[in-house]
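What follows is one chain in structure tokens, specifically the form predicted alone.
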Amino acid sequence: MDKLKIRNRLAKDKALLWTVCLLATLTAVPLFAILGEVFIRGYNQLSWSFFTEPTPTAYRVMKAIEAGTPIPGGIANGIIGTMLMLGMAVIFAIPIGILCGVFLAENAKNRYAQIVSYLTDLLQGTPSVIIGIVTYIWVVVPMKGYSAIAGSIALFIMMLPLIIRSTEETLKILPSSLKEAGLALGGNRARVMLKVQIPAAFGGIFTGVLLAISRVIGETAPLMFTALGCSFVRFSIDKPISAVPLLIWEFFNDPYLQELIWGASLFLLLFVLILNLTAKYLAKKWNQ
């Protein structure tokens, strides 16, 4: 009888294992299908000129197609615009997000902190197109024009809840003995937080920051309402500027430029992949 029960348990264990493996495979199939399609169609477009030249005009593309030569130009204007807006958003999102996360972690039972935590979750679930419309009303209309500033504010709003939540949850799982030891040695709460708790939670916080960047770097809707786009390389933050997601949308709407979609998409995927791998590596090294 005991042998029969053991066999039944082993059979159930194997059945559950195979079910989990099957479901994991089904989940991975769409991911690898997307990655494979983008890589196969886009890898041959990656070249030095693709990263250093701005988007070609429709006339240049038509002439290249007629001559049977490769499509000229690239996505340099989109790369520079993306990095510029992303950089401005990160400069403000990281300190504000970390400070807010510290406040929520240290005052979990405070009524005001609970309201802020609820609003953070609400902001995290807000569709990006709504954030773009609100930023248009708040920034673009008063400034009387589209700009990189408006685009960076939209990205900042989207990044903020992810950084806040990752900071809060990472600080909450730290052992209380760290804080108690710091206070016992004579440090005040602020010094213990800056010198002990935040360094101990750096891996989780840094991972949250990079995941926030990975999320917003591919957003198109907010930038359509704020940055608008630009066909040449521009460094002015108070003027309309391009971004890689905006270029992908523009390529899609232009039949002569649709082939460039795959190269731009591959660049975004590789950039996000590098960010994620960097986050995992640095978090692992810091924890060690």
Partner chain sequence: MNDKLYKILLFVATLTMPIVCGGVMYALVTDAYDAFEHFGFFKFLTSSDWNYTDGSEQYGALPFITGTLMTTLLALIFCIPFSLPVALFVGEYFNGTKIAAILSTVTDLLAGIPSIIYGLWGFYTLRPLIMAFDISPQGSGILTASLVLAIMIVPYAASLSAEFIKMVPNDLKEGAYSLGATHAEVIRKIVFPVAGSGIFSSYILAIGRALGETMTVTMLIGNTNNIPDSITSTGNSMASIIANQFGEADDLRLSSLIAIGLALFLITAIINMIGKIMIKRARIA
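Definition used throughout: the rigid core is the maximal C-alpha set that superposes within 1.5 Å between two forms. Numbering follows the first chain given and starts at 1. Remember, it's a predicted structure, so these values are computed and weren't measured experimentally.
Keep in mind that the form predicted together with its partner chain is not shown, yet the notes after this line are about it.
Q: Since the partner isn't included here, can you check whether its partner chain sits close to all of Ile40, Val61 and Ala89 in the predicted complex (heavy atom within 4.5 Å for each)?
A: Not one of the three qualifies.
Q: Taking its partner chain as it sits in the predicted complex, is Pro142 in contact with it (heavy atom to heavy atom, 4.5 Å or less)?
A: No, Pro142 sits far enough from its partner chain in the predicted complex that none of its heavy atoms falls within 4.5 Å.
Q: Thr220: heavy atom within 4.5 Å of its partner chain in the predicted complex?
A: Thr220 belongs to the contact set for its partner chain.
Q: Is there a heavy atom of Phe103 lying 4.5 Å or less from a heavy atom of its partner chain in the predicted complex?
A: Taking the distances in the predicted complex, the answer for Phe103 is yes, it comes within 4.5 Å of its partner chain.
Q: Is Gln258 one of the residues lying within 4.5 Å of its partner chain in the predicted complex, judged by heavy atom distances?
A: Looking in the predicted complex, residue contacts with its partner chain include Gln258, since a heavy atom lies within 4.5 Å.
Q: So its partner chain isn't shown here. In the predicted complex, which residue out of Ile94, Ala76, Leu84, Met193 has a non-hydrogen atom within 4.5 Å of it?
A: Contact residue from the list: Met193.
Q: Sequence order please: the residues of 261-284 with a heavy atom within 4.5 Å of its partner chain in the predicted complex.
A: Heavy-atom contacts within 4.5 Å come from Ile261, Trp262, Ser265, Leu268, Leu269, Val272, Leu273, Asn276, Leu277, Lys280.
Q: Once the core is aligned, does Ala279 move its Cα by at least 2 Å between the shown form and the other one?
A: Ala279 C-alpha, core-superposed: shift of 2 Å or more.
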